[in-house]
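Below you will find one chain, with nothing else, as structure tokens; this is the form predicted alone, and questions on how it binds or moves follow later.
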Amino acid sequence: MKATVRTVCAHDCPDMCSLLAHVEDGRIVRIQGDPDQPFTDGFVCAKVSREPDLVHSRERIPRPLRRSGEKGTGAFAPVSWEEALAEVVARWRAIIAEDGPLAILGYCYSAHQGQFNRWLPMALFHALGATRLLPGTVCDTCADAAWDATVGPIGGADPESVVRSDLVIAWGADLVTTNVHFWAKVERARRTGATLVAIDPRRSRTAALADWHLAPRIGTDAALALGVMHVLVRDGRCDREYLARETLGFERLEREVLPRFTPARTAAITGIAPSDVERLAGLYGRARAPFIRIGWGMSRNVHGGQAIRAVALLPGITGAYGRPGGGALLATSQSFGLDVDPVRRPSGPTRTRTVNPSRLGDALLHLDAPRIRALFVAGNNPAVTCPDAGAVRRGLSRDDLFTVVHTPFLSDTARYADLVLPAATFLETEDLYRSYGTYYLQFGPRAIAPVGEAWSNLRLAQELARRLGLRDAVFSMTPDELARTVLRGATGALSSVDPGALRTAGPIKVPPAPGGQRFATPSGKLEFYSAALEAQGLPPLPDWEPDPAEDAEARRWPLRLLTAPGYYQSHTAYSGNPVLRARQGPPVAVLHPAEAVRRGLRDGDDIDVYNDRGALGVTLRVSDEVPPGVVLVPGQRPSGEARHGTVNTLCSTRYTDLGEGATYQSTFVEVRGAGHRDGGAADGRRP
């Protein structure tokens, strides 16, 4: 029997594609982009095109498993769902009776982007009064905090408007790898004369195809943006009328900050030649409708908040925020007006203890009063993704920590679990999807029944809530009822959407208000000067200053680590797909030829990338796609794919300047040939 189901991709990606899933006899045989969705435009990325291989992979967990050996070894025996659920409920009840609900931590994050499968598990722990996870700190809280302080909690430019742009800047965004449908729109703009500039520390796929690639030193994007502003002011390319009407505090930036960012000083900080700073400013100042696509990667260092602030302010200098096709885009999600609070926070205390995922290892090892005695993980793989992953694994190894992991595959985190529960993929679930990189909302029905004994996050959360005696209405609602609930409190364009028609409506565009970028700051204007930041004891104006701790690390370790999504293995949600693993190839580290020669290394050598937090054993690729002084490790790969270790073992738990985000790109390391013992640690643990 054949069928075609219109649904939605739930992978963590800004595009949120509408898909056509072709089904034969209960199996997905092909995935096609929905030709009737203007952004998806009839094609899918190279990863999702192979989604049938992932859904029907022999590596999927077919039924619940109970640990039968030491934690971390992956030794399990099958049990029934009834046995597994009974054990979870009994253990949690005993822990709550002895130490209270704060001894339990729920960790559900972004591998499933559906509003219900992502948030219902967290609603369970919210209602229980458990210790709460601070979602987003390993991804976007720094960028979001900076954007909110500058533009406000509101979406940026409509990505579909880029076809009207004459200059596109991909600033810290590898569009070909992580935003391919926006890339297609950029290509349309280029065919009508637009220029594409890529600003990225490495020659990414996007940078290689751009009209011009600028490679600033990691962590210096704020200085580059301020240097461009300096030239724009000097050359009289500011829109003074727009600045006076729509912005706040520019005169202070102009007086107190910009004089210090001459092309010469900007070059000394960023490594970009003074002539190129001048050229970039000239291109931007002359553009009729320049569009900046801001990537999250440049926010993941100690200067990340200042970088996002400075780049987000650039369109205000020339008034580009007020012109069709101009402005900047970080994310769109805050403009939807969707009320998800009833799903995320149905009950429970308003304030309670929290854990930042960037310091999960420390929390598992050292948090007390009470100690975390139970951990539930879904939609994430913290043993790989969290900073200081070695500490996370040591925490997961605690014999007295009862860990439950809900996952389609036996992830690194699952290997430390006491119970592993098989999870359904998005093609086996129903949900409501809201994009964070476009202005589309869509209901996604399931394409097939769950494979084996897999359960959705939604079903598991509701069943656990029922057994634990939670009576909040969301724990008994169907997906359609949940959709009606979140739309009931919707504002703006969504308030007119008929919940009864949502299931069959397909993609619904919720465009930003016409008339240029709106600002949702306290002043209602684009804020060069932020009183809100000043009240927090933070710099109210964007700036760049050297960081003493980074400078000290750089003196100890000669290479700066750069991590970026792999083309076929952007994160471990794809690691269960053997076809994509083969296409990506084994884990590698990329080193500039001069750095390889300096260490006596050759392309294809087995190497260790190490510092005093641990080591990663991978294959060396020698290439000038990275500058001297940098080592690139693309993709987050499970430790079993490398010779040893995983890349985030090397990263510290230090926070970004805004938003308490992770500082992956403020990591300093050395590289040696495998087997050469001159310091560091090769086992992924502190020496």
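All residue numbers refer to positions in the sequence shown, first residue = 1. Since the structure is predicted, the reported quantities are computational estimates derived from the model, not experimental observations.
Although it is not shown, the form predicted in complex with a small molecule is what the next lines describe.
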| query | finding |
| --- | --- |
| Three-residue site G155, A289 and Q442 fully in contact with the small molecule in the predicted bound form at 4.5 Å by heavy atom | no |
| Among the candidates T485, T521, T318, T563, the residue which, in the predicted bound form, approaches the small molecule to within 4.5 Å (heavy atoms) | T563 |
| Partner-contacting position among L364, V151, V420, A173 - heavy atom within 4.5 Å of the small molecule in the predicted bound form | A173 |
| Interface membership of V55, the small molecule in the predicted bound form, 4.5 Å heavy atom rule | no |
| Contact label in the predicted bound form: L658 to the small molecule, heavy atom within 4.5 Å | no |
| is_contact(T40, the small molecule) in the predicted bound form, heavy atom dist at most 4.5 Å | no |
| 4.5 angstroms heavy atom contact with the small molecule in the predicted bound form for V631 | no |
| Candidate stretches 444-452, 529-537, 260-268, 570-578, one within 4.5 Å of the small molecule in the predicted bound form by heavy atom | 570-578 |
